[in-house]
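The same protein chain appears twice below, in two forms, each given on its own as structure tokens and labelled structure 1 and structure 2.
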Structure 1
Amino acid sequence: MNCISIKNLTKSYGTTKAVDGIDLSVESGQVFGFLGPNGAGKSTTIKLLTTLIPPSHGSLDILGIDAIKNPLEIRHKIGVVLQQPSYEPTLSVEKSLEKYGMMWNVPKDERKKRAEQLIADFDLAEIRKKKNEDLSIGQRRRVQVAREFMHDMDLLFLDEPTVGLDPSARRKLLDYLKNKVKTGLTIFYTTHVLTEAEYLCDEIAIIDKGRILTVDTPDSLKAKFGKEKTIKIHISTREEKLSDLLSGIKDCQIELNSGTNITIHSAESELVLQKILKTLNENNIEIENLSAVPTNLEEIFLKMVEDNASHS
């Protein structure tokens, strides 16, 4: 079943199209990653999908409900952690959880049970009596995410939930989320951390300037670009004619940095490398260092966003 289904979703602010005609379907029971650079439209999309703001155009169906006609019906079934920090400064961690449970009409006994479980799962025991305003940024973020789990939901939206978390807290949160998905939750997750998306997400959409560039699984994204390698060559001395010397080599993209670093992206890396080595050799250019690695998801992402910028 699709739990998110949107067509031509658009949100304009004056002349800015924050979200520019997005079509998307997200199946239930997975983590769907929404990836894009600053200002791409990720948070705006989350606000539209959670009915916090109305679209300028388009239709959106959340959990089989028309979100424009019945926004309130949807809000009971979803959870959302926005990008902006939100907390009550003088409330303690345990009281914040308690209050959230009350807001969602969770019965008292169940509230206590859940709060204790979340205090354990999110490593909040040491700070349970502390006021939110006295917490570190990462601790506060953990509380903000934890409290959302005080209530049951079918679909959870997380807008960069791991910002400010240390590597171990980050990994714990990702594993916690993975487990929740196994019990039937669907998660819509934004990030610009590619490794995180790779670890967590079943599908990834890459978004830039309000438009979706591609939707795929992390594996097929890598397979699609998998032949591509990044070759880095460091030469000992600056060579003025380097750019001209290498200009005839096909099937690759060459960047020269400070005259001594050559970076090559190519799907025909072996052939291209041979040609470059030959050229360098013929011109008596000495190589200090050379490496060739498969292009990772991070670079695929950067490349897609760069290509998008040069085409628009």
Structure 2
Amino acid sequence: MNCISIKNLTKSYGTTKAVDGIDLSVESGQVFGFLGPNGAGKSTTIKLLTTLIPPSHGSLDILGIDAIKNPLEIRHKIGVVLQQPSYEPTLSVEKSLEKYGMMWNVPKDERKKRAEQLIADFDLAEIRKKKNEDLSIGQRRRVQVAREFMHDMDLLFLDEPTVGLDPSARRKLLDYLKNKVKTGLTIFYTTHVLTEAEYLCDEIAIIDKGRILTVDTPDSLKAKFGKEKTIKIHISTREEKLSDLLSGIKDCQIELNSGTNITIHSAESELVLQKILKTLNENNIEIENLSAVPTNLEEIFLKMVEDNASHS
């Protein structure tokens, strides 16, 4: 079942199309990544999907409901954590959670139970009595995400939720989200940290200049667009003659610093490697270390955005 279905969704500001006729379907029970450079249309799309702004054109179904005609009905079924900080300065962490539960009409006993669970899950015990205005940026962000789980929802929108978090807090949040999805929650997730998307997301859409460039799983994207691989060879001694020996072999780079490093970056890296190994063997040059670097999502993302810029 599709949790989100949009067709020809467009948002114009004067002559500028922030979102330019996108079509997108998101299945329930997954983390859907939404990636793009600054100004690509990510935040505008989220505001459209969460009914904060109306579209200029197109259709928008959220959880099987026409979101353009029934925005209030949608808002009762979703959670939203926007990029902008949002907190009550003079309230303590535990009071913030309590207040948020009250806003969503969560019964008192259930509010207390959920608040205690979230304080534990988000490592907020040491700061539970602190006012939000006295917290660090990362701590405020944790509270901002945690309080959204005070109420029940079918769909959660997270716009750059890990901004300000240290690596340990970031990983804990990602694992928490993974576990929540197992209970049936769907998450629509934007991020600039591509390793996050690779770790967390079941499917990914890449948007640029208001248009969707591709939608696929991280593994399929890497298989489709990640043909170029990088192989690194390290030789412990400085081999000054290597430049001459390998001069006829394309797609390899030689650095003479701590010993000798040969880097191959090519769509035919295995073929290039065979030629280099043959030359090294013929000249009795011993390899100390050899490693292959798999294509990552960041390389694919940058390549797609660059290609889109050159074609527009």
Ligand SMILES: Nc1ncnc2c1ncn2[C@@H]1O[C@H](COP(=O)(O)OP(=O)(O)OP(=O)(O)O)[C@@H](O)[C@H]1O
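In this text, the rigid core denotes the largest set of C-alpha atoms whose superposition between the two forms falls within 1.5 Å. As the structure is a prediction and not an experimental result, all values here were calculated from the model. Here, a residue number simply tells you its place in the sequence of structure 1, counted from 1.
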(request) Only one of the two shown forms is the form predicted on its own, so please name it by number. (result) 2
(message) My question is whether Glu268 is one of the residues whose C-alpha shifts by 2 Å or more between structure 1 and structure 2, given a fit on the rigid core.
(response) yes
(message) How about Glu240 - superposed on the rigid core, does its CA move between structure 1 and structure 2 by 2 Å or more?
(response) yes
(request) Kindly check if the Cα atom of Ser28 is displaced 2 angstroms or more between structure 1 and structure 2 relative to the superposed rigid core. (result) no
(request) State the core-superposed CA shift for Glu288 between structure 1 and structure 2, in Å to one decimal. (result) 15.2
